[in-house]
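Only one chain comes next, encoded as structure tokens, the form predicted on its own.
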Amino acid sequence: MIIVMKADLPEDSTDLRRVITLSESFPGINTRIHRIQGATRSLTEIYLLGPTHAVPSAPFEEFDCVEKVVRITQKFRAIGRHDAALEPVGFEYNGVDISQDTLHLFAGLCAVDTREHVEATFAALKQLGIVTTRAGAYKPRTSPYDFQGLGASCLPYVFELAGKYGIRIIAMEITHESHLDEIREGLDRTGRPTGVMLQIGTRNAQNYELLKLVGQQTEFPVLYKRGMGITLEESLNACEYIASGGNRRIVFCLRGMKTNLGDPHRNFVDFAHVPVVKRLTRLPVCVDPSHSVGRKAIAPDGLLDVFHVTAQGVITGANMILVDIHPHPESALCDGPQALLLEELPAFIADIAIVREAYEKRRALARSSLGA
């Protein structure tokens, strides 16, 4: 059972304490408090854990401070939408609002290789008004002989340049507990000029100890990439590990499934699951066209496959796009063949705008049809 308190209720509210006291008066019931900072308001939710089937709703609904009482019928307790009774309020991080209604482009280097390439990329983003990016310092690879990333040594100049060019959020993969400490240290050394979204890569999709770690900290939001060869339910349960630890600022990323049914693309594109994830959960949804397609192939209509696949995600309501770009893909140390050129970025952004406008028109049409 979830008790949703009215918006912007103070943490030290007497009313909040009374509701908690009543909740814990029922046998076997424990409570967990979750505060959600949305784009426009904050919400407090009280989770009742234990034999809640014996707990009546009526006593809680009589409190003026209670907005609604929701009985959980789905397995995803922390991230679930629960029959549309709980709104997907999203979150704000470092001045950027992220929710199921927004759309942000995180274009950047799959793996940081040189300071010059980072600066050229960030400068191009600034010129286009983009304040979110990706930059990989730690890169788990299939082969032990492939480039594994520069690690902590590149963090100071990555963060410094992010501040110089107005980058607000960098999506950055971590694979070990020590990486979180290194990121904190790098931010502190440079005066915290930017924010970091911790990325859980597909190879760590079921690394439960790592999931618990990023869930237990609330300083950084988390971008969780769907496991390359596991079911959607298994991946959502992994997000539940993060959220149950206390960190609800999660974005769920679809990045293609590992199966030869997707050939000649690198992975089988799973972007049809964008509305499915938004229906089942309260999480914003990201799509990763670069790792889905895996190369820069051009269709007979003149559009790159990456453009077409991105459009598939955006037309279904994606809230974030994670795409690889590079000043010189031919010299990139990781996934160069799939990276867009900096010169191709303006056309990519314009194409996204066209598709997003079409999505908004589709949504407006659906609402008007339901109203009729």
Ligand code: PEP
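Start at 1 with the first residue shown and count on from there. Because the structure is predicted, anything quoted here is derived from the model rather than measured.
Beyond what is shown, the protein has a form predicted in complex with this ligand; the following relates to that form.
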Q. If you check in the model of the complex, do 78, 212 and 248 all have a non-hydrogen atom within 4.5 Å of this ligand?
A. no
Q: Work out which of 273, 179, 291, 282 lies within 4.5 Å of this ligand in the model of the complex, going by heavy atoms.
A: 291
Q.
Please identify the residue among 133, 194, 202, 121 with any heavy atom within 4.5 Å of this ligand in the model of the complex.
A. 202
Q. Counting only non-hydrogen atoms and a 4.5 angstroms cut-off, does residue 117 reach this ligand in the model of the complex?
A. no
Q) Is there any non-hydrogen atom of residue 314 lying within 4.5 Å of this ligand in the model of the complex? A) no
**Q.** 4.5 Å heavy atom contact, residue 110 to this ligand in the model of the complex
**A.** yes
Q) Counting only non-hydrogen atoms and a 4.5 angstroms cut-off, does residue 306 reach this ligand in the model of the complex? A) no
Q) Counting only heavy atoms and a 4.5 Å cutoff, which of 194-202, 273-281, 294-302, 181-189 contacts this ligand in the model of the complex? A) 194-202
Q) Heavy atom within 4.5 Å of this ligand in the model of the complex: which residues of 306-338 qualify? A) 322
